[in-house]
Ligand SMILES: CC(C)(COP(=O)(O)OP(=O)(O)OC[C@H]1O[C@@H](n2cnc3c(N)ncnc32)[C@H](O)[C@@H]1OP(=O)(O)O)[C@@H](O)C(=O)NCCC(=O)NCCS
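The form predicted alone is given below as one chain in structure tokens.
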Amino acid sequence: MMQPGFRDATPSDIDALVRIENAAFESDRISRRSFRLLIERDTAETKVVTLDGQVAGYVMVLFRRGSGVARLYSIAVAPEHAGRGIGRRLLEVAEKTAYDHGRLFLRLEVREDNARAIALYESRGYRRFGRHSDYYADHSSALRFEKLLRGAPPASAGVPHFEQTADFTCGPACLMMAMSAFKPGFVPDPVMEIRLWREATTVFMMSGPGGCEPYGLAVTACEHGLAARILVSIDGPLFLQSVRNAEKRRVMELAQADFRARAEAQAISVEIASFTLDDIRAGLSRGELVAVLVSGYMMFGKKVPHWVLAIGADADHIFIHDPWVEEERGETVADAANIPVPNALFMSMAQFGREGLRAAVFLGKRTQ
């Protein structure tokens, strides 16, 4: 038998990949169409291993925009080649692929009852960091593992992640994550998510429900028992540049004027300035969590304002919880939680619109 060879998958490999998939898995299989889409996607890499000229296995790695994390999406070996160490070699290829993309972590999910795979991951230095119940089609649970590929392990913030359940509730989802961290016993749920959205919303969308700006988020945070302060680079109403309808503009201006007055009445600190990386780091070091406005274009390809929650930092990264999970791209909460974003990339994405609006709401435990 020849030594195994490794190369990028091509569309001509799809027949072999489908055969391996069907032989290796009883459910949750990747379809022929999905293989084709993933092989062609620029945020995924699929590697195959060949033996004697035949495809004997594959590994697929996904890369989220604006993230220092790669995800091992799938790995499989043809049953006739099992027991030859090919799975371990494919895992090494996945790690090198993630490393070559500059990623800090490689993360994965594995069936809780797959003792053989779990033993392989643990032998390669992966650590368990979570569990996802009812994850697979047969309702079995998945364990989450990750491996640090470079640098020193970051400190764990221990902040629960909450996935937004509507397109327009990123801000309220960030508030609930902070409330979970600072208010013992608080349990986030979609009812509270919509309640917070109703209380904090000031922004009209072109169609459908709108979103939140920093004053609305800060006032709502304080009314629900948190301490809040604001850094925002523009004085006055926000998100009005593209509003052509006079009535929408009038309503937005009035709503935001109300929130600014309520922020003043609640003695919420407001600094009109473009925050710096040092501002974010200083807040995190004081034990605050920071809701940061970012451009959705850099996160998921849409030119919309989007809120994420900064939860920690190391020398080279800001760690964020992103409430948005791109399920149509095969993402899970593991892709959106505790994302290490390189410092320069974080500051590049943490602005919105032509004016480069920067806005951050620093959230903490109320002391009185």
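Take the two forms, find the largest set of C-alpha atoms that superpose within 1.5 Å, and that set is the rigid core. So that there is no doubt, residue numbering starts at 1 and follows the sequence shown. Because the structure is a prediction, the values reported are computed rather than measured.
Missing here is the form predicted together with the named molecule; even so, the following discussion is about that form.
Checked against the named molecule in the predicted complex, the residues Val159, Val232, Val294, Val110 give one hit for a heavy atom within 4.5 Å, which is Val110. This chain appears without its partner; in the predicted complex, the one residue of Leu148, Leu277, Ile86, Val251 with a heavy atom within 4.5 Å of the named molecule is Ile86. Heavy atoms of Ala76 reach within 4.5 Å of the named molecule in the predicted complex, making it an interface residue. Though the partner is left out of this view, Ala265 does not reach within 4.5 Å of the named molecule in the predicted complex, counting heavy atoms only. By the criterion of a heavy atom within 4.5 Å, Ala137 is excluded from the residues contacting the named molecule in the predicted complex. Contact check for Arg198: every heavy atom lies farther than 4.5 Å from the named molecule in the predicted complex.
Contact annotation: the named molecule lies within 4.5 Å of heavy atoms from the stretch 115-123 in the predicted complex, the single such stretch among 256-264, 115-123, 269-277, 173-181. Contact annotation for 23-37: residues with any non-hydrogen atom within 4.5 angstroms of the named molecule in the predicted complex are Ala24, Phe25, listed in sequence order. Here Ile234 does not count as shifted, since its C-alpha moves by less than 2 Å between this form and the one not shown after the core is aligned. Core-superposed comparison between this form and the one not shown: the Cα of Met347 travels less than 2 Å. Positional change of His81 between this form and the one not shown reaches 2 Å or more at the C-alpha, relative to the superposed core.
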